[in-house]
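Taking the form predicted on its own, here's one chain by itself in structure tokens.
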Amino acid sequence: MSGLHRWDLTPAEARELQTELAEKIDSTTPLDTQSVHRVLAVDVSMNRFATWLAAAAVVCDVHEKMLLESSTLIQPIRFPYVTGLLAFREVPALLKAIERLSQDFDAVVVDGQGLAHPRSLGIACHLGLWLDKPTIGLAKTKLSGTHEPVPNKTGASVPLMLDDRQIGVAYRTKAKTAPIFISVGHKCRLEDALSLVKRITDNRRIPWPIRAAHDEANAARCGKRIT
């Protein structure tokens, strides 16, 4: 996995780099979501005051709805918590977890923002550039933009807008639950991102590959185990 940049940056340098990297994001190449067979999902878990984090990467079979492989690791936290700079805290560990996988994958889903970010470079964009794979941001909370109320029914969606520009979709995966926020990470269109999220959504608020990565990260954190 070739290096995109160095990680030992100050928050100010990190913000400047995000602005530069945002110009490289591909949000126009179509992704045939029906041909996506294996999805990589990633997540990070950490205690509130911990000095280390647990990263997890899982490869899931979309057709069979099963976990094929998982990789976790423990790594010291080397970047402070700063809103909008999550990638600099988590991506280095995620990349190491991904490198340990033997299974290939067609697309990536990330528990975090893509283009729906103040500088149009959320963690999904950042990871997508490093992996050079179709990548989708799937966040539980909104970081940037505004949207109209989402109808209270399963499958309802409304545009997430910023300055008259659509940066994502607020999507209700299940009636009577809060919507999630979907945005392009890299190498796909927004409509394709929504289509793939629909394919991996079951009867829960958070799509199952993200839940699988979350469970693996939590297990690694609680057991402080390295695989």
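Numbering starts at 1 and follows the sequence shown. Please read all numbers here as calculations on a predicted model, not as lab measurements.
In what follows, reference is made to the form predicted together with the DNA, a form of this protein that is not presented.
Q) For R211, is any heavy atom within 4.5 Å of the DNA in the predicted complex, or not? A) Contact check for R211: no, nothing within 4.5 Å of the DNA in the predicted complex.
**Q.** the DNA contact in the predicted complex: T141, any heavy atom under 4.5 Å
**A.** Although the DNA is absent here, T141 would touch it in the predicted complex, with heavy atoms inside 4.5 Å.
Q. Going by a heavy atom distance of 4.5 Å, is G122 a contact of the DNA in the predicted complex?
A. Residue-level check for G122: yes, a contact with the DNA.
Q | M46 within 4.5 Å of the DNA in the predicted complex, heavy atoms | A | Yes - in the predicted complex, heavy atoms of M46 and the DNA come within 4.5 Å of each other.
Q: Work out which of the listed stretches, 100-108, 83-91, 68-76, 150-158, brings a heavy atom within 4.5 angstroms of the DNA in the predicted complex.
A: Only one stretch qualifies here: 83-91.
**Q.** Any residue of 193-223 that, in the predicted complex, places a heavy atom within 4.5 Å of the DNA
**A.** Result: H214, N218, R221.
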